[in-house]
Every structure is written in C-alpha cells, then in structure tokens.
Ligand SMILES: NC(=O)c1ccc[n+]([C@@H]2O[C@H](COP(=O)([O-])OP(=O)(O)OC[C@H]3O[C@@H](n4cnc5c(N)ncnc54)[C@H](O)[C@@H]3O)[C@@H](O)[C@H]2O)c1
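The chain that follows stands alone, in the form predicted alone, written as structure tokens.
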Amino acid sequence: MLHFGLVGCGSIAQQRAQALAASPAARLRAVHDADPARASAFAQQFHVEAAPTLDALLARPDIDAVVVSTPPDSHAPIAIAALNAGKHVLCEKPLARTPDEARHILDAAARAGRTLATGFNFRFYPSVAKARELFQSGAIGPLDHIRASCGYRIDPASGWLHDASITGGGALQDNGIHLIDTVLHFLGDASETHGHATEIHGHTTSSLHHWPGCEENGFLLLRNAQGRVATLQASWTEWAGYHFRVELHGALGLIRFTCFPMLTELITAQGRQRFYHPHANLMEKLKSYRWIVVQSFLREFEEFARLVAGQPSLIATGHDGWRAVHAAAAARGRA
C-alpha cells in the first residue's frame, strides 16, 4: 500500500481524499495547503494530519507519494520539490503551464528515480474504458482517424481559470487537455524519439471574452508516424451545454463514446450496439458527476500503484502529461 501526502485542499482534493479513503491500494496520511485554516479543516474532515509547511510534509518518512492538487502555476515547483525529496508524484492536469515547465518535472523524476504520473482520470470513465476494450479487441479493425470535441460555456466569474499566468492557456489547457490525452491515448504514441505527434497544426479563436493568452476555442490536427490522423476542438463557448465526444474510425467500423452521460457505441456493417453504463448514469443523477470522478480516482490510484511497482499500467505518465501540454501549446504557436 502506498501512503500519500496531498498538497492543495480545494474541491478536486476533496474528491481525491474520498477516493483515498476507499482505496485498498493507497492511504492518505497528511495534507498541506497555503491556507493553514483550510488545511486544518480538511485534515479534520478526513482524520489525517495537517503539515504546517510543504517541507514538513515532504520530510515525513511515512509518506511514499504526493498528490499535487494546486493551481497549475505551482505544479512544477511542488512536484520537483517532492521528487527531489524522494517521493513519487501524481500531479493533477495540466502537468504544467508550458512544455518547458513539464520537461523540468520529467527531468527531476528521472534524476530522482521516482515515478511521475499525470491526473488524466477520463481514461477510467466507463464509456472510455468500454471503448478501449472494443478497440483493443479489433472490433473496428485498424484505426484510420479520430474525430473529437469537448466544450462547455465558461462562467466569466470562474476565478483564475482564465488567467493565463496561472493556467498557461484557455480551453485547450482546461477541459481540452483531457480531450488531447484521450485522443493521443487511442492514436498511439507517435514516436518515443520525439515524444509527440509527428505533425501538429493548430488554431485558436477568442471572440467573446478576449482574456489575454486564453483561447476560447482551440483546434488541433495531429498525424502520427503511422499516418493516423486526429482532429479535435475544445471550447469555452459551447452554447448547447457540456459535451465530451470522441469517434474512433477504423477500416471496419466506428466506436463513439461520450461523457456525460456515459455512452459507448459500436457501429459496423453488421449494425449498431449501444452500451449505456446504467449504474454510472444512475449514480450521476443521484449524486452528481462527482461520484463518477471519485470512482475514476479510485481506479487511477490502483494504476498508480502498479506503475510504481514497475507493472503495466493504464495511468497517464509524466511523458503523457508533457505531450498533452506540448500539443496545446502548439495550437497557440508556443511549442
């Protein structure tokens, strides 16, 4: 069992702590937050200790790994400090604001010989997991291309979310970073030598709020070394409401999956099959989407433990985190 420290006691950390409380593979030991009162209240809620400083948390011998659950501008310094202290790190998305920041974290992990993973928990949503099962079974034959989009209508009062100095960008860095990872996960690692898609082309628009450095819509065209192509769009101006949709087009058919709601479809010459994931969709209605998030975190902690143990794992690595940030930056012309 891995023993965790958690840095940053905001809303996502609440769901992380709930997952840790239920996980057979991990246990929360201590937390730290820049606001001592918030850390103290959080620690009391989950019956753990509140470390007065980051250094104090990292010095604890009973902590094997650290979850970095702070705004993106602090991901690099906290993750690097944790790795230098000999801790494994699971960092929330995006791994960093820029590819260079992300690379510094990867380099620190390599020097320390510690495990670095990125919190792309969409990999463990039921609709995505079913799509992966169908895809790996050969249900649609060889992949030809991927078409994907996600979006929601951002609240102008959403705080630092549209502050590029904190986030590093807009829609592609926010909801879009999950979409980028999902697409690259199915597209396949284009080249371990270069670490990203062979070709990346992108454009952005910002016609509504004009927040500096924050695209409201981001568009990417990717092609890997095997010639597979993917197109994707991430939006902050989705007037029809939240959506996350990916289509895998193969030589023999199509796999389409969405969340929320969770739905996976297989469409071939033989007909159409729909997989509705009724338990997940029911619990979403009863307990909100956060229930599904916690369940995905539970699976993510299990896969993190496998990665630490040197076993095959579905979790997004630090490299995966870097290449997603690289792709987002390429759309802005900053890669």
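Residue indices: 1-based, along the sequence shown. It should be emphasised that the depicted structure is a prediction, and the values quoted were computed from it without experimental measurement.
Omitted from view is the form predicted in complex with the named molecule, to which the following refers.
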item	value
Contact residue in the predicted complex, chosen from L263, L106, A112, I78 - any heavy atom within 4.5 Å of the named molecule	I78
Check all three, R60, L90 and F304, heavy atom within 4.5 Å of the named molecule in the predicted complex	no
The named molecule contact at I12 in the predicted complex, heavy atom, 4.5 Å	yes
Close approach of D35 to the named molecule in the predicted complex, 4.5 Å, heavy atom	yes
4.5 angstroms heavy atom contact with the named molecule in the predicted complex for P71	yes
4.5 angstroms heavy atom contact with the named molecule in the predicted complex for G176	no
Heavy atom contact within 4.5 Å of the named molecule in the predicted complex, the stretch among 117-125, 250-258, 199-207, 221-229	117-125
